[in-house]
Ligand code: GUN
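Coming up is one lone chain in structure tokens, specifically the form predicted alone.
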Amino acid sequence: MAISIYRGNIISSRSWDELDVHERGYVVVEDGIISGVHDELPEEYEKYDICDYGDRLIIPAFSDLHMHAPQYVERGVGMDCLLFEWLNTYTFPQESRFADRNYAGVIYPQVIRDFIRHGSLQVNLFSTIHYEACDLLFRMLIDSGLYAYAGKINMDMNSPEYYVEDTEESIRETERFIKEHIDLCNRVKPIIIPRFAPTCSKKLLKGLGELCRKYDVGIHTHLVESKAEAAWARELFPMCTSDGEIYEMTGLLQGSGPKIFAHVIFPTETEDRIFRQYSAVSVHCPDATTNITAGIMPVTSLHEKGYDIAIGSDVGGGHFFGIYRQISRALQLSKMKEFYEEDYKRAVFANAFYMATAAGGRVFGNIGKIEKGYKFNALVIDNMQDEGFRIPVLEALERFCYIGDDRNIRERFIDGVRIDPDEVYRKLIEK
């Protein structure tokens, strides 16, 4: 049994509104699994070497539960556009380029490198409609060491002529993708990805729902991202009272895999029921919904209704990879929502950190906490102190989320093994 011991300022979420702190504490890792977190090292471990990080922070790795891998080159571009203008001007032309597998082979290693660089070691990805490029991304994720859900996008209507699928072919290629990838790796799993309801016919969604049941897989899509999108979905599916009911009606919530819905800004009572009934996860993407002027997720209200809420970068609608920065953005937007809506109660730092670590990590198993029984997927962060003036440990973590960047992440661990973004990138481009 391989035993490693790390010392530092250990911070992890105990619950939605409580952080667990061990200043200058010890975390003991046995074969990649945390066997204990201690303020004083137990005598049985005294014979082992200790990796002492001094005043640096040891925290769970971040989970990015909504990101568009082919939109990597769009980050920070076209930010004057609203959603549909942005899709038609930038996104659909860019995504169509992934018909060329060689182009995917240039872009996707950069995506994976930047995930690791910014400490997002568990990810959930959109790709494109192109089988070969999606296969390449999936296999690169396996080679990288990341935990991930990935698949191919489905879209057979209300899409550009140059970037749309035949319905039967979309279902057939999705089944092929699931069958060929479902048993490749325990860390990386396929997931079904209807882009969003307005780009998918009822026939396509029902076909995908049958695959959910047949292969017991999950779903990743957008939900009530904007008022215009939600109204359009109801217009196209008049038999349903809400955006979420479309996916329920077509069987896409029947698999045991995760049900991950990005944005969820304007949920109805039907969505409230669906999220509780199916243990679905809503993903707050602060940068993206600001950039496209969609709205602000009512984070605390959703939590009170029983929603599980994680965080996503939503690159390229979002402009920055670091989930730590989405923590601070989420808090800023929550304050604005409270300012303009008297009945709304803002979120606090413990809430946002929980969403970015424990809530997102749970989608991948026992990940997202520095706690006994959890996988040691973790980051070591600079203590963020100033010369001549010191701040408490929790404030150091808060400061990192507001003003830190990838240079402040000193170590990254997956299953207890150190991982280096540049080494992974070199391996992917050489393979």
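For clarity, every value in this text was computed on a predicted model and none was experimentally measured. The numbering used is simple: start at 1 and walk along the sequence shown.
There is another form of this protein, the form predicted in complex with ligand GUN, and it is not shown here; the text below is about that form.
- Contact annotation: of the candidates Ala358, Leu83, Ile296, Val188, the single residue with a non-hydrogen atom within 4.5 angstroms of ligand GUN in the predicted complex is Leu83.
- In terms of contact with ligand GUN in the predicted complex, the residue from Phe196, Phe266, Phe237, Phe349 that brings a heavy atom within 4.5 Å is Phe196.
- Stretch 86 to 94 is the contacting one of 240 to 248, 132 to 140, 86 to 94, 169 to 177, since its residues have non-hydrogen atoms within 4.5 Å of ligand GUN in the predicted complex.
- For the chain shown alone, Lys152 is not a contact residue for ligand GUN in the predicted complex, no non-hydrogen atom being within 4.5 angstroms.
- Using a 4.5 Å cutoff between non-hydrogen atoms, Ile327 does not count as a contact of ligand GUN in the predicted complex.
- In the predicted complex, His68 approaches ligand GUN with a heavy atom inside 4.5 Å.
- None of the heavy atoms of Glu271 is located within 4.5 Å of ligand GUN in the predicted complex.
- If you take 215 to 233 and check each residue for a heavy atom within 4.5 Å of ligand GUN in the predicted complex, you get His222, Glu225, in sequence order.
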